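One chain comes next, on its own, written as structure tokens: the form predicted on its own.
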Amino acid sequence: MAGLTLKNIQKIYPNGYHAVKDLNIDIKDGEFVSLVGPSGCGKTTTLRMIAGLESISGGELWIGDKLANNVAPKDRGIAMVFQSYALFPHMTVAANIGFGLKIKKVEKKIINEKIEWALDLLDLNGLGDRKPSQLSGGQRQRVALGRALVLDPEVLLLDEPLSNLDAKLRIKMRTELKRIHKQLKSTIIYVTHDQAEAMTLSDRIVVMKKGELMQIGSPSEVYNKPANKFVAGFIGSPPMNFIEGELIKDGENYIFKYNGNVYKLPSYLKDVIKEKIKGKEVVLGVRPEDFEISLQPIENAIEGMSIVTETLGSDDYVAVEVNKKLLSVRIEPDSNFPLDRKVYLTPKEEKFHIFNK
């Protein structure tokens, strides 16, 4: 296995479109790193540049201690699993898994041993003689994964491999991927638009927007300490709540003013405000689980109106209208929370954020 380093990587297409801008990522040997972001943010383009399927317009790509910018894809020690599986329909499962080894003219005995190893690892025993059309979506995805793993790649690239599966199967395959990574200790770079997948699978998450790196950190870091409003709103489901308002200095402390209401900010935010906040227009950010909600007036609370409830099984949420915006607040399940009532929200101490508007 090998680590991977991207130094000021850029991708500029002939029409001038700047898809990836000065991307710097250092991936350790054996690490599972996910690239996340909205459609068009450059995550798949980055993956394709690592694989050698897209040329690099600028910067350096290092695989281990080897500069790989101009190395042919077949010589990079990389295997890639695509969203579409890309299996050969006329070949059996075993033949699909062993195809790359056959192309490399590996000895037949070793190919058969590798195929058996992959079938066992991926819980595909007894399916080696079947055709892809006879398999479920999850089984086909595991065959595509097996075809990559038998090549003993230094780096394994996965491009939204679970997006074609139904919700239940995606959860099962996430567990499978986690198990495989733990067993093989492979270096894996995983592209997904599903931030829940990234949170459960990754050692670290790379958040991208319009070709730029927004933040890189552990799932806990990007969730609890988002670098900016974009990361705060993208990571988490339901997403973080935002309230726009004005920041007013009150002696040594600060007051947040919104739609005629005022909320005194806790003193621990002073250093954050001095370091990061520019100007008076700001956004207060609080996650749904970090609100305390009450029907009784509370001093220094955010006032709103309860509108609708949403039941998600283990969690219930109530939508609260504040300043003409709906905020999501987690409540006790089956609590029959009253609607169309004035409510008072108190963010938990040290559990909310402030951003430049």
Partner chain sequence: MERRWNLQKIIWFAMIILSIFIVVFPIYIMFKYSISDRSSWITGGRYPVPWWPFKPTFEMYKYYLSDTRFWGNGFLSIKIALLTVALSMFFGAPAAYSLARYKFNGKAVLLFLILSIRLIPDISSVIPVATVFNFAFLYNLPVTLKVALAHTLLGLPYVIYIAQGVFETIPVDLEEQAHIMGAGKLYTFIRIILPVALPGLAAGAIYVFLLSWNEFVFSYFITATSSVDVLPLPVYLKSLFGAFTPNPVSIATLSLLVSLPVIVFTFIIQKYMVAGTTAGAVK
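Residue numbers count along the first chain shown, from 1. For clarity, every value in this text was computed on a predicted model and none was experimentally measured.
The same protein also exists as the form predicted together with its partner chain; that form is not shown, yet it is the one meant from here on.
Of the residues given (Ile298, Leu53, Leu67, Ile307), Leu53 alone sits with a heavy atom within 4.5 Å of its partner chain in the predicted complex. Checking Lys102, His193, Lys264, Lys185 against its partner chain in the predicted complex, a heavy atom within 4.5 Å turns up for just one residue: Lys102. Not displayed here, its partner chain is kept clear of Arg330 by more than 4.5 Å at the level of heavy atoms in the predicted complex. Among heavy atoms of Leu169, none comes within 4.5 Å of its partner chain in the predicted complex. In the predicted complex, no heavy atom of Met199 sits within 4.5 Å of its partner chain. Remark: Pro73 counts among the residues lining its partner chain in the predicted complex, judged by a heavy atom distance of 4.5 Å or less.
Note on the interface: of 236-244, 76-84, 109-117, 170-178, the segment with non-hydrogen atoms within 4.5 angstroms of its partner chain in the predicted complex is 76-84. Relative to its partner chain in the predicted complex, residues Met208, Leu326 and Lys357 are all farther than 4.5 Å at every heavy atom. With contact defined as any non-hydrogen atom lying within 4.5 angstroms of its partner chain in the predicted complex, the contacting residues in 127-162 are Pro132, Ser133, Arg140, Arg147, Leu151, Glu160, Pro161, given in sequence order.
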